[in-house]
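Have a look below at one chain only, the form predicted alone, in structure tokens format.
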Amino acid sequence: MLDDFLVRAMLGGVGVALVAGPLGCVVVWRRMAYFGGALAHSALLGVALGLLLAIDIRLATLAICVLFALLLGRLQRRRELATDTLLGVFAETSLALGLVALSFMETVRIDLMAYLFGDVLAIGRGDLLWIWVGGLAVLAALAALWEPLLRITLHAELAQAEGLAVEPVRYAFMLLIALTVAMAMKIVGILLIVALLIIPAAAARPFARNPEQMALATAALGALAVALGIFGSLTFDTPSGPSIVVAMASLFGLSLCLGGLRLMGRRVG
């Protein structure tokens, strides 16, 4: 019989993996990993804001992530700075601001490591509700945006010439990333969220024949990595968030090996 905390950890981790999988596929296709990292770093500022204003930390984190997503989307349209430079400035500045803000809260005691690297074993029922309700909303919105996103990814200029509203779709996708970051913070932590978005997608990519197959395979691999990471954390008494990422990296390594063997087999055949 599994303990309640382990059941909650599995349900929460799998819930986030199922959402991050299809979303991560688009992140990989559109090469937006650094954008996800910048949003993830801003989450710590949301934690500080929630503590300062005595409001729900998850809502404060979501608000900050949404604000940063909109601001980054706006600034990316300007040409004064390259996109990777702009994202680097935002990522490091937001993380630093969050750490500085938390250092001034001497009367508030928080487990900073849990926010930075996750604590999936401490998930409560309120967290599960937040993850699954928010996750279903993200997946529903992503399903509605799926075809436009694929068209923009293949050729944004052509999609716009055909009458597709490129900018609203792009902003909507950024907001979905922001919501996913806010949900995933408790699972793998602020510093490791990007791994949840990109590693399962990278592992599934060599074996998918179409975008939908890749989305399903990515969600399955993410869920498997969560399960392996949680049990590994319990077995070896290691941090849960990093253990999940190590499990993802192991699956990615296995994917590379199998992909290489598959390619060699085709050449021999």
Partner chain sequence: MAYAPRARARGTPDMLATADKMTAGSPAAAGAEPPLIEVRGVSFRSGQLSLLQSVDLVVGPREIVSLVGPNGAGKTTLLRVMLGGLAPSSGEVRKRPGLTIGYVPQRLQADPILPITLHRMLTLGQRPNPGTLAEIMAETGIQRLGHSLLHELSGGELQRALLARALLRAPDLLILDEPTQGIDFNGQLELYHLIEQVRDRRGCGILLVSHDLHLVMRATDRVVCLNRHVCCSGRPESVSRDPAYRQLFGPAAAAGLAIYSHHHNHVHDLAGDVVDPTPSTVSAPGAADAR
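Just so you know, these numbers come straight off a predicted model, no measurement behind them. Positions refer to the first chain, counted from 1.
Not on display, but discussed next: the form predicted in complex with the partner chain.
- Considering the partner chain in the predicted bound form, the lone stretch of 147 to 155, 165 to 173, 180 to 188, 110 to 118 in range is 147 to 155 [heavy atom distance within 4.5 Å].
- The closest heavy atom approach of residue 29 to the partner chain in the predicted bound form falls within 4.5 Å.
- Proximity of residue 82 to the partner chain in the predicted bound form falls outside the 4.5 Å heavy atom cutoff.
- Using a 4.5 angstroms threshold between heavy atoms, residue 210 counts as touching the partner chain in the predicted bound form.
- Contact check for residue 143: no non-hydrogen atom falls within 4.5 Å of the partner chain in the predicted bound form.
- Proximity to the partner chain in the predicted bound form, defined as a heavy atom within 4.5 Å, singles out one entry of 133, 161, 105, 100, which is 161.
- This chain is displayed alone, yet in the predicted bound form one of 214, 47, 223, 69 has a heavy atom within 4.5 Å of the partner chain; that residue is 214.
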